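Quick heads-up: it's one chain on its own, the form predicted alone, in structure tokens.
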């Protein structure tokens, strides 16, 4: 069969175009310091400029969430809540009101192990300066630590506190939420293979072309060692550990995961890793299980059924939920 010259040229240039496109297909990676932690984005794309636009959109979204929910920024809506919600309802974006409401539901689910009002005592700790509150200061602040003190009106999108002295901090759920927002943005850009990480929270979409992504869970005492490697496709993973922000004093570790019931650092575990469908859930549950301890924490994970856990006890023993336990 003879191919016409014009037909040949069409086929030839189509092959050249496809070859050029394939040559630009690659993995693209970027890191940045946002939300007080390391943000990392890695994705596969056929077009370099589109990949860079998608990454810029992710970093922009991370900065937006930080500006909205950071308790370090006095102009943030969360800081405005802390400053004024004990006096009158504070109008906020529906997005923030919804996340605070979601945090309250997690508090109810975990019996108060997760409680954003822990900040009513937590603000007294300064881990960089190795400063901690006295027992008297903790006792004085504990009355304000109760998630029921936070009232969200979803209709008017307002938040108020039922008593003075209450502060909230979304550090146990906001990074996971930001990761989920980043994944949604990547999907809107047509990205189908990617990883987004914010500190101890990551979420994966797709695979690595026939192979799963491998996420390592670090050893609590050695950042260069891992206690487990988890293969992942289309899933989220969050780790909370006593090695993230801490200082040691007289053989005791004071770290940022505060037990809302005591106002002191939770001490039953060294680290907790949760695997699930979305990072908002895994972020909140990793904090919750850390406070609850191994028995109650694993029981909660088994009861939920759609998440799994790896916990490291204070003696170094590693426990797995039934979905991850070796046969």
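The structure presented is a predicted model; accordingly, all values stated were derived computationally and were not measured. Residue numbers count along the first chain shown, from 1.
One more form of this protein exists, namely the form predicted together with a small molecule; it is left out here, but the text below deals with it.
Student: Tell me, yes or no, whether residue 274 is in contact with the small molecule in the model of the complex, where a contact means a heavy atom of each within 4.5 Å.
Tutor: Judged by the heavy-atom cut-off of 4.5 Å, residue 274 is well away from the small molecule in the model of the complex.
Student: Going by a heavy atom distance of 4.5 Å, is residue 114 a contact of the small molecule in the model of the complex?
Tutor: Close contact exists here: in the model of the complex, residue 114 approaches the small molecule to within 4.5 Å, heavy atoms only.
Student: Residue-level question: is residue 245 within 4.5 Å of the small molecule in the model of the complex, judged on heavy atoms?
Tutor: Because a heavy atom of residue 245 falls inside 4.5 Å of the small molecule in the model of the complex, the answer is yes.
Student: Can you tell me if residue 203 lies within 4.5 angstroms of the small molecule in the model of the complex, counting non-hydrogen atoms only?
Tutor: No, residue 203 sits far enough from the small molecule in the model of the complex that none of its heavy atoms falls within 4.5 Å.
Student: In the model of the complex, which of 58-66, 293-301, 43-51, 257-265 comes within 4.5 Å of the small molecule (heavy atoms)?
Tutor: That would be 257-265.
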